[in-house]
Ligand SMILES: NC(=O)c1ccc[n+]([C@@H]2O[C@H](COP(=O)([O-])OP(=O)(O)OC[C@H]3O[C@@H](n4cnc5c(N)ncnc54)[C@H](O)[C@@H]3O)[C@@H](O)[C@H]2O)c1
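First, one chain by itself: the form predicted on its own, in structure tokens.
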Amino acid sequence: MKYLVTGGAGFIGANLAFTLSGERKAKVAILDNFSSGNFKNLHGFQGDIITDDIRNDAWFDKAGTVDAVFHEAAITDTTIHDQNKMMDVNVEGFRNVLRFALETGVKRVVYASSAGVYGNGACPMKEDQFLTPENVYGFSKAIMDNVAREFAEAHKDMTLVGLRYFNVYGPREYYKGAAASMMYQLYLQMKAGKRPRIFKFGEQMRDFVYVKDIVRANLNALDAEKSCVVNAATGAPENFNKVIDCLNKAMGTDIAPEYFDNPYGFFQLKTQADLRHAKALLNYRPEWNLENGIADYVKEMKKSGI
């Protein structure tokens, strides 16, 4: 089997590429323009790397024939407010990937959507609820879901699976800088002996999901019997105080948080995924809870010298 991973030099894409080539023993080609991905995420990667932008088509011939496409390439920084750029890269880039699939005979595309489509919607968040994205990133992902649905309806011999990622953390996110997860940011503060800083009073809740579960969701999508969009999360939200408790336990420290006022006009108080569709359609069941995920992540960071 041969797979194409777009955005394969990024956080989730790199983890996926290594699992496909290692666990699945597949041939893997990565497409990345290295605008936000980092070559250090790919140390030891044995496959091909195509350096190009998803919005071009020069890479079509270089990618050749593949059995499936995992589409991770996107602008994921929610602090970017350039609406034209966000929509062009995320939506038009996705259309181009679908065109590649159509022209080369690919029958399965698995793509990254986002919990950002729900905004401050009701919890637990369900795939069929009214979408209220609060930023252009979430809006771009909602439109990608629309594009995928219409494409699948027009090409019934193809299977498109969208995964609405919730708050993902784990190895290979180090090069995201300020956009890296709170687990990583707080770990760095605590490792430096500083009190971890979180908004008052640490009670905001997130459906944190370890990247190894996200990779598993992508692999399960290869066996989906029909096109769909499903949540990819744990379904068990935790607050930021719990994150710090887990970090203290994993790091062998006992550092109290420092609370400060939330400066943002908009901030999600809670995210939580309803996983019924993910379980029914992808047989997806998360294996990592917050404590075990953070413990494994801290071990990986210590081993990497971070």
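None of these values were measured; they are calculated from a predicted model. Residue numbers here begin at 1 and follow the sequence given.
Here the subject shifts to the form predicted in complex with the ligand, a form of this protein not shown in this document.
In short, of 195-203, 126-134, 146-154, 74-82 it is 74-82 that has heavy atoms within 4.5 Å of the ligand in the predicted bound form. For the candidate spot formed by 36, 114 and 168, every residue has a non-hydrogen atom within 4.5 angstroms of the ligand in the predicted bound form. At least one heavy atom of residue 53 is located within 4.5 Å of the ligand in the predicted bound form. The ligand is not drawn, but in the predicted bound form it has no heavy atom within 4.5 Å of residue 17. With a 4.5 Å cutoff on heavy atoms, residue 12 counts as touching the ligand in the predicted bound form.
Within this chain, residue 176 lines the site of the ligand in the predicted bound form, having a heavy atom no more than 4.5 Å away. Contact annotation: of the candidates 89, 110, 106, 183, the single residue with a non-hydrogen atom within 4.5 angstroms of the ligand in the predicted bound form is 89.
Along 141-155, a non-hydrogen atom within 4.5 Å of the ligand in the predicted bound form is carried only by 141.
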